[in-house]
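Starting off, we have a lone chain in the form predicted alone, written out as structure tokens.
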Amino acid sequence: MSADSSVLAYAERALEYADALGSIAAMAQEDRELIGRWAGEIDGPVLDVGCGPGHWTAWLHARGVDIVGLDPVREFVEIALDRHQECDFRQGTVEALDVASASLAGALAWYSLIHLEPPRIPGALMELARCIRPGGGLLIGFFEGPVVAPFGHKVTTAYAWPVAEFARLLDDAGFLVEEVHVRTDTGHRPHGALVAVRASGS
């Protein structure tokens, strides 16, 4: 599944997705606690990569985080700008961030890398590493599984990852993984999350 294909797939269902999942109330309490705690420790600008309809961006902005939402789907950006007019949203892709090197204190990539084919993940992580300053934070949410494998996501093909394999790729990109979270909620695929810090001098 190419990036263009996934963008088109989400563009066709952007409003449907936003109405179903574009609110903090629809998010798991455990995720709110993790993301809120993580963001509360970040001092400086944060990029919400793959922000979708902007609910996490708006929630963190309301908590005092200096945050910008970024998404490749124009329809998502338009919805986000309409629903959260107090926030800054832009169109862009994780593989070519229009951000100066070492300018971010942190980045949130919450289920925004799940549609990238596995060979493209290292490049995306390297781009995030370029933009996050040493000591800055990265929080990634993804589908967890015993092997790297595609599956039929409701919108378009997605990939599940073993946490150890994703952590290895983060290490290769210059991050230090500090926390690993895995759980399985009733009726949902296993969930993984990694909290990492941009290493100094890498």
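Sequential numbering from 1, following the sequence displayed. Note that the structure is predicted; figures quoted are calculated from it, not measured.
Heads up, the form predicted together with a small molecule isn't pictured, but that's what we're talking about next.
Although the partner is absent from this view, Phe76 contacts the small molecule in the predicted complex, with a non-hydrogen atom inside 4.5 angstroms. For Arg90, no non-hydrogen atom is located within 4.5 Å of the small molecule in the predicted complex, even though that partner is not displayed.
Taking the partner from elsewhere, Trp56 is found to have a heavy atom lying within 4.5 Å of the small molecule in the predicted complex. The closest non-hydrogen atom of Glu95 lies within 4.5 Å of the small molecule in the predicted complex. With the partner omitted here, the residue from Leu81, Ala105, Val99, Leu116 that has a non-hydrogen atom within 4.5 angstroms of the small molecule in the predicted complex is Leu116. Taken together, the three residues Tyr10, Pro72 and Trp110 all come within 4.5 Å of the small molecule in the predicted complex, as judged by their closest heavy atom. Shown alone, this chain has one stretch from 42 to 50, 130 to 138, 159 to 167, 172 to 180 that lies within 4.5 Å of the small molecule in the predicted complex by heavy atoms: 42 to 50.
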